[in-house]
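Here's a solo chain for you in structure tokens, the form predicted on its own.
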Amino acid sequence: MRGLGTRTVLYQQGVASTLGLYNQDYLSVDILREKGPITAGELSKLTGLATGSTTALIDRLEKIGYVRRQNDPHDRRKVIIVPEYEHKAEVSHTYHSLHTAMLELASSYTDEELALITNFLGKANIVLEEQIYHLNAASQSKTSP
């Protein structure tokens, strides 16, 4: 798992570089892709970034058309960050090779095996999210006065 994690991080860094993004910006865009539209505060919690850093990140991503701000229809005081990058040609082109290779890999498994793999990966994501939360909480408690 650590090896897969390391290779995933290295791949993400390569994608970020190819797209001309900072790695943290790319990770934030990917979080938005997975979670869907969320508030800046939620993005801040998920990334572990301070609110000021999150605002600067959103400004950078909005400037290049990867996200847009939208008023929350339920609470006028909130702004929702909406991902916009998924349909950009440079993004789909960057992921095309990986997508093709992963489809080929998946085709070598039975439906039952794929169900087991999908179940495991879903549960592994939950474990990782919990561990990220604990690491961020521990890091914030160290920096708090």
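The first residue of the shown sequence is 1; numbering continues from there. Only a predicted model underlies this, so the values are computations on that prediction, with no experimental measurement involved.
As for the form predicted in complex with a further copy of the same chain, it is not shown, yet the points below apply to it.
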Do Glu84 and a further copy of the same chain come within 4.5 Å of each other in the predicted bound form, heavy atoms counted?
no
Contact between Glu62 and a further copy of the same chain in the predicted bound form at 4.5 Å, heavy atoms?
no
Taking any heavy atom pair closer than or equal to 4.5 Å as contact, tell me whether Thr51 reaches a further copy of the same chain in the predicted bound form.
no
Does Leu46 make contact with a further copy of the same chain in the predicted bound form, using a 4.5 Å heavy atom cut-off?
yes
Thinking of Leu21, Gly36 and Thr55 as one candidate spot, does a further copy of the same chain come within 4.5 Å of a heavy atom in every one of them in the predicted bound form?
no
Of the residues spanning 102-116, the ones with some heavy atom within 4.5 Å of a further copy of the same chain in the predicted bound form are Met102, Leu105, Tyr109, Glu113, Leu116
